[in-house]
Ligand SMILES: O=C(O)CCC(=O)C(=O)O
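Only one chain is given next, in structure tokens, and it is the form predicted alone.
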Amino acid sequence: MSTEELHARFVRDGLCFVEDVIDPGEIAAVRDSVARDVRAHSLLPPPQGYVPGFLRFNQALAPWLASARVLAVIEKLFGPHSRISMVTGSINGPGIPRGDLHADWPYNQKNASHIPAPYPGSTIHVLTMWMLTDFTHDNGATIIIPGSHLQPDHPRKGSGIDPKQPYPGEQRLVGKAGTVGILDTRTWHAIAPNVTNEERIAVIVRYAPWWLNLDPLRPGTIDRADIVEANQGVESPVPPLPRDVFDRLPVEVKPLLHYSVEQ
């Protein structure tokens, strides 16, 4: 698809797919490297692997983070000067159960720092799912509800929609390894069961416009202390990027991350 076609689908469905972003000959090496370091640093026990601030530990995906085809869609949404807000290593292992339908930060109403529902009618944060294994129905390709980004709220207690139950029209974020799924963070989605004997491996990279305040996610900031920690918030922290790691990143990736470098 052209950038215009991808953008049109995103506006309509709250999601789109960019295929063959990662060089096919590199996928196995990237996958194995990511899987190793997610297992080593996960904040959650198996069958789930979850590592916020993943670039601190692993830069295998760095050569593609400024992919022109991905950033063309991001720029269509945000204009120039977008940035990477979060990089998370992710494994959904065999036996992982279905999760709750939800929206992501800053729309998830369970977060201490959130935009109150009803949501504004514009995209202000994007989640990208970098598929390092094939995403299939059986191995837990993320459950998604196309068009749900246009709803004023996400399923939760008091919303009238049970987040634990299947929703009419739900689909899966199915794609082959090397594909990048791009979602509006308002789009309802959920962890899907993995009924295979193999891990589903990905890196989740979120992009934001320059004007979105990311300090509630950053340890040591006033907004993190006043908005999140003072209210026992559950927002995942985004640790600063060590200077030596930043210095080794590809030159085209650095503008996306310079704000997050350790002082």
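Counting begins at 1, following the sequence as shown. Only a predicted model underlies this, so the values are computations on that prediction, with no experimental measurement involved.
One more form of this protein should be noted, the form predicted together with this ligand, which is absent from this view; the next part is about it.
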statement: Of the candidate stretches 100-108, 161-169, 70-78, 148-156, the one with residues having heavy atoms within 4.5 Å of this ligand in the predicted bound form is 100-108
query: So which of 206, 56, 41, 218 reaches within 4.5 angstroms of this ligand in the predicted bound form, heavy atom to heavy atom?
result: 206
- request: Go through 115, 112, 191, 177 and name the one with a heavy atom inside 4.5 Å of this ligand in the predicted bound form.
  value: 191
field: residue 31 within 4.5 Å of this ligand in the predicted bound form, heavy atoms
entry: no
- request: Could you confirm whether residue 200 comes within 4.5 Å of this ligand in the predicted bound form, counting heavy atoms only?
  value: yes
Proximity of residue 85 to this ligand in the predicted bound form, heavy atoms at 4.5 Å: no
- prompt: Would residue 127 show up as a contact with this ligand in the predicted bound form if we use heavy atoms at 4.5 Å?
  reply: yes
